[in-house]
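Taking the form predicted alone, here's one chain by itself in structure tokens.
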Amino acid sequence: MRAPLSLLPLSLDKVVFEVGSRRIIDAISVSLEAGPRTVVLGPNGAGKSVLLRLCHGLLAPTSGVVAWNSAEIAGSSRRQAMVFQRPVLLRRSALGNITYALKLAGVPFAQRKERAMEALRKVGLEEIGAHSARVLSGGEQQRLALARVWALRPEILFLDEPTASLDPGATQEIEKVIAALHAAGTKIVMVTHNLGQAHRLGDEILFLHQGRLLERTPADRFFKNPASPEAAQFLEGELPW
């Protein structure tokens, strides 16, 4: 039997993104492989969120190429997902948000409820599956968004500031879910402003500055001995957030 095709690595080759005369992403080349959790850091305006959207396909590069390992998968079912700072939820129950996503993904009707309930259990929301998603707290809504992702079993998950507006307790719960998703085999690529979170969840750091990729290095090495002066200034709080 032929081994299942993989999306990864995801390769960016001299990717540029411009809005008018402003270059937001400046000739970035990088390959994202399965395995290590990748955290994208940089000051305000560095292009972090735009880079995630280019990877996910929400934006098209002005020039350069964003390419998945398997064109066959990329052209059909991408097995990728993205969760934003403010989760996008439907006017349905928590359970209904997940079963609807499974319906769109082509999961047979008979499997949807069980798979959705399993995902809710994994994020600790099994008791509120019947509640409207819109009345949940911010932390619960973000856990629901991650449960929906878990049910879809993507190969890669892009996270854009998933805990930026949450209190420490809710942040801790989200971090546990992200760690569990990684342990289950999902590649994590995350943007965060929280350096402690980057240290806890990151295996490698991509450091962006003014749209350019200045460093790609293991997380421990980045925090102990950044290679670029811009990264050192960033860690010292000398660059604007």
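One-based numbering along the sequence shown. If you're wondering where the values come from, they're calculated on a predicted model, not measured in any experiment.
Below, we refer to the form predicted together with a small molecule, which is not included among the displayed structures.
#### Entry: Interface stretch in the predicted complex with the small molecule - options 199 to 207, 181 to 189, 62 to 70, 42 to 50, non-hydrogen atom within 4.5 Å
The contacting stretch is 42 to 50.
### Message
Residue-level contact is defined here as any heavy atom of the residue lying within 4.5 Å of the small molecule in the predicted complex; does residue 161 satisfy this criterion?
### Response
Answer yes; at least one heavy atom of residue 161 falls within 4.5 Å of the small molecule in the predicted complex.
### 4.5 angstroms heavy atom contact with the small molecule in the predicted complex for residue 16
The answer is no: residue 16 has no heavy atom within 4.5 Å of the small molecule.
### Query
in the predicted complex, does residue 193 have a heavy atom within 4.5 Å of the small molecule?
Yes - in the predicted complex, heavy atoms of residue 193 and the small molecule come within 4.5 Å of each other.
### Message
Residue-level contact is defined here as any heavy atom of the residue lying within 4.5 Å of the small molecule in the predicted complex; does residue 22 satisfy this criterion?
### Response
Residue-level check for residue 22: yes, a contact with the small molecule.
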